[in-house]
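The chain that follows stands alone, in the form predicted on its own, written as structure tokens.
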């Protein structure tokens, strides 16, 4: 199969919607990362997502719709969900709700819940509107790889496996949506993202955070390895320049190809340095992009930890630790 990258247009949406309606797959941009879409009402189509990504079938898939009014067609909306929908949808938030019978069970691995979100990206919403179907869409990458934030990343991982990629340029946020279980009286954050616990607390008055890895996870990103580059990776939990240089230099002296993703410019002979940005928001937007760039010529990648320990810093640090496979280096 030849994979084409298409510019967004009415003609593109019509062409790609036809693929979805016929049970095929299409990759499309959102404000968080690129998604790999299929008809969420068609179990055979959703199975193709798992096959294309090499994704474990007990890892649930988020469903995307274009309008708030569509959510009640596919799930039961709690009072907490209504508040969160009003405050944050469309946007980078996914609500886990009781699933109706219309959404195929393959989306949720047999659970009675489903994660639903409305992307903020207008290309995504226009495409979904043209499909006139709910779209099941995890990130459009091979399982365990860094999430794709450009059409070229999707092509790297899924070229030859899908017919079309809608090119929306770089994703603005760069990390996946916040996932919130809204089935009970208190919202429970299952995955951190751009919408922080404090933002949710300001709407609902209370919030819990759960990072458990159940046998049947209700959210993607809570059970399996995610976001890892094709080479060794480690997080340096320090902002002390001398310590960071010491860690990097030790690997350079072993003759290894070393890359450093950091917030400040370092001059280190024998190492490639990539700037994450001036703050955590820029770093989140750049993290997966830079991991894919650095892995092409590295034996090991070091990542400087998120700046500070604010709520969004925690979201970014979560992705950094997962990218490093839990390999964290701290000062002695």
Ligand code: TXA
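None of these values were measured; they are calculated from a predicted model. Numbering follows the first chain given and starts at 1.
Although it is not shown, the form predicted together with threonylcarbamoyladenylate is what the next lines describe.
Contact with threonylcarbamoyladenylate in the predicted complex, defined as a heavy atom within 4.5 Å, holds for exactly one of 207, 231, 111, 203, namely 111. None of 284, 33, 290, 46 but one reaches within 4.5 angstroms of threonylcarbamoyladenylate in the predicted complex through a heavy atom, and that residue is 33. A residue is said to contact a partner when one of its heavy atoms sits within 4.5 Å of a partner heavy atom; residue 182 fails this definition for threonylcarbamoyladenylate in the predicted complex, lying far away. The closest heavy atom approach of residue 177 to threonylcarbamoyladenylate in the predicted complex falls within 4.5 Å.
Threonylcarbamoyladenylate in the predicted complex comes within 4.5 Å of a heavy atom belonging to residue 62. In the predicted complex, threonylcarbamoyladenylate sits beyond 4.5 Å of every heavy atom of residue 153. With threonylcarbamoyladenylate omitted here, the record of contacts in the predicted complex names 34-42 of 66-74, 269-277, 295-303, 34-42, defined by a heavy atom within 4.5 Å. Within 4.5 Å of threonylcarbamoyladenylate in the predicted complex, a heavy atom is found for not a single one of 8, 121 and 165. Residues of 107-140 that come within 4.5 Å of threonylcarbamoyladenylate in the predicted complex, judged by any heavy atom, are 108, 111, 113, 114, 115, 117, 137, 138, 139 in sequence order.
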